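The data below hold one chain only, encoded as structure tokens and taken in the form predicted alone.
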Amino acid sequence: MLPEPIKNLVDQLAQLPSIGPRQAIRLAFHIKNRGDSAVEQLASSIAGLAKLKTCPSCFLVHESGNSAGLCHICDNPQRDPKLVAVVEKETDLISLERTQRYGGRYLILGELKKDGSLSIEQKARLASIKDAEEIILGISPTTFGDLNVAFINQELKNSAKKITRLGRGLPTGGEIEFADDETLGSALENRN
């Protein structure tokens, strides 16, 4: 019943977080009904994603970097290499950066599992942290975030002199990416 290009787009959109089949169909028709120019602009924007690189140090997606492929954060000599914030996703890193109160490095773990277990890749990323003065666990204070912190702490126990967590200025059940700058900045300063 659906034209093949719409069906293909629906299949792709339905794989996105928080997008179910009905929403995917609505989005596909909305995109098509915006006109050919809008469709071409969207297609060009999506194609541009293929040109992005992933930093081999913190795993942040970025446009350009030095010859080692590092992002602008990891390549910045002003950043404290002995202070590492471990976050789940890129949007968490962006939210912490927006506070302008953090001068260390990052490590993006990737999507955490509901059961608290870590993937082999996540364990390898955590193992890359060596001899840190402090590791800040910037994991959202949700029930399953707390469970993941326990597993992450276990993996990091010999990697730093001190392991802290963002202060509880963030509400339990809240998501870091949705916190305002002041609350997030306070949580960063009052970590424990």
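This is a predicted model, so every value here is computed, not measured. Each residue number is its position in the shown sequence, starting from 1.
Just so you know, the form predicted in complex with another copy of the chain exists too; it's not on screen, but the next bit is about it.
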4.5 Å heavy atom contact with another copy of the chain in the model of the complex for all of 18, 36 and 46: yes
Given that the partner is absent here, does residue 26 sit within 4.5 Å of another copy of the chain in the model of the complex, heavy atoms only? yes
Is residue 190 near another copy of the chain? Define near as a heavy atom within 4.5 Å, in the model of the complex. no
Given that the partner is absent here, does residue 30 sit within 4.5 Å of another copy of the chain in the model of the complex, heavy atoms only? yes
Even though the partner isn't displayed, in the model of the complex is residue 133 close enough to another copy of the chain, meaning a heavy atom within 4.5 Å? no
What is the one choice in 72, 114, 82, 101 with a heavy atom within 4.5 Å of another copy of the chain in the model of the complex? 72
Answer key: of 68, 150, 127, 42, within 4.5 Å of another copy of the chain in the model of the complex (heavy atoms) is 42
Pull the contact list for 85-121: residues with a heavy atom within 4.5 Å of another copy of the chain in the model of the complex, in sequence order. 89, 90, 91, 93, 94, 97, 111
